[in-house]
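There is one chain below, alone, in structure tokens, taken in the form predicted alone.
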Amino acid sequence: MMEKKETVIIGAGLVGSLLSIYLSRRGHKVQLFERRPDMRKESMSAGRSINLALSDRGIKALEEVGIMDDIKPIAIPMHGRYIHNADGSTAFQPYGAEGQYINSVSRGELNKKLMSLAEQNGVTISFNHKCEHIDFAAQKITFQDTATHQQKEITYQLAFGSDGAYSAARLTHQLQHDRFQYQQYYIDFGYKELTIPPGSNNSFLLEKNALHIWPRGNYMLIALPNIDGSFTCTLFFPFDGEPSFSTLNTKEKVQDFFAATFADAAAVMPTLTEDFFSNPTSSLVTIRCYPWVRDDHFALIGDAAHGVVPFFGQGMNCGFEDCRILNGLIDEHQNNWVNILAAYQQQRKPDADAIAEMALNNFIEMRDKVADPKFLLQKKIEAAFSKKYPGKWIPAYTQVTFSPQIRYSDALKNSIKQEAIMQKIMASENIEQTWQSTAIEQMILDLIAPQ
């Protein structure tokens, strides 16, 4: 018999809500505590959403717990990148093989849906409850009701910190651990949310089933579709320098810059300057820490354990995969929570570190290389070789996005080897003319072969 535990989850975001469904379905009595008000009843503050790219790892977790059919109506398939070049030309780059796609999902809509599904599965959610302190020895958590300022103490048998990159649960855990390792790394770029509204009759003013990118070398604009016909745009831009958030400080400068740099986007952004100055400029951080767990009763999960930048579209997918892996370990270790949590940490820590590294690397690819003819040729060679030898070469993006059976840590190792091979191929004489030759094909086969 599986022991049913009094379970507390701190943070009712995407990962906390999904985890609560997993555990509630196993019979645990689950309480979710969320610092913010109930977003289903209050209007969300604009400017911090960054639309999400739901891909196979996240989908596998949602399917496993039986709720993917509830999510599909708020998801829009994106079959590739739609590149808007500086000279006004455009190009479509498929993400993978035919039929492979990622899904644009509004963070807010997905979170609201997951909260409602959690409640339908017997989870209780307490909003406006801020985690103040965790007494790990007594297994008690102190919350403050932010509306009444009253404190309440909750005892638990099992607790999870899923309260995001700036986790209060992690901080309490860290301060009570004498060998806790913690690193946060901010890139020199921030982001700002902007909007392309729907056209007449909720029509889409850009190609609907694509992730739009305006790559400009040192910065970029992206746009993801919403079910109402609008696009949520995100400008990833330096904090300082020329140009930067610090220099675009008047409406005229913003209008002139966008008209010159993102002309086709600016033409369909009637609220550009209002959005630019009313929406916050937010930072981007990578979080690495260790250990994630305490004995048989506490663990960090999702961004609280491993915050990543959004450039591989894997932050949410990685967090959802945490839930799926943990669920499998519960069966494997037959309710021995010391072993369950130890195995969860051992398995997920290297994978989280790997996707954090790949996400940082992918920023350079998205903002710069996707418009580079040599890079595009390299990807064309890889795709052609992979199609002919699918057992010998899976492109790195495919490994991460469409191959949940491949661990992130293995995908990173494989991608490093593949990139070294491709650098040798791209250095071949007249590669632009010879890339389809049997000689190049044989060269790749020889380089793949064990040395």
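In this text, residue numbers run from 1 along the sequence as written. Computed from a predicted model, the values in this text were never measured in an experiment.
As for the form predicted in complex with a further copy of the same chain, it is not shown, yet the points below apply to it.
Next on the checklist: Only one of these stretches, 178-186, 136-144, 257-265, 111-119, has heavy atoms within 4.5 Å of a further copy of the same chain in the model of the complex; which one is it?
Outcome noted: Contact-bearing stretch, as computed: 178-186.
Checklist entry - Is there a non-hydrogen atom of residue 91 within 4.5 angstroms of a non-hydrogen atom of a further copy of the same chain in the model of the complex? => result Taking the distances in the model of the complex, the answer for residue 91 is no, it never comes within 4.5 Å of a further copy of the same chain.
Next on the checklist: I'd like to check something about residue 325: if you look in the model of the complex, is any of its heavy atoms closer than or equal to 4.5 Å to a heavy atom of a further copy of the same chain?
Outcome noted: It does not: once a further copy of the same chain is placed as it appears in the model of the complex, residue 325 has no heavy atom within 4.5 Å of it.
Next on the checklist: Test of understanding: in the model of the complex, would residue 239 fall inside 4.5 Å of a further copy of the same chain by heavy atoms?
Outcome noted: Close contact exists here: in the model of the complex, residue 239 approaches a further copy of the same chain to within 4.5 Å, heavy atoms only.
Next on the checklist: Even though the partner isn't displayed, in the model of the complex is residue 174 close enough to a further copy of the same chain, meaning a heavy atom within 4.5 Å?
Outcome noted: Yes, residue 174 is a contact residue.
Next on the checklist: To verify the annotation, which of these, 157, 250, 283, 339, has a non-hydrogen atom within 4.5 Å of a further copy of the same chain in the model of the complex?
Outcome noted: Of the listed residues, the single hit is 283.
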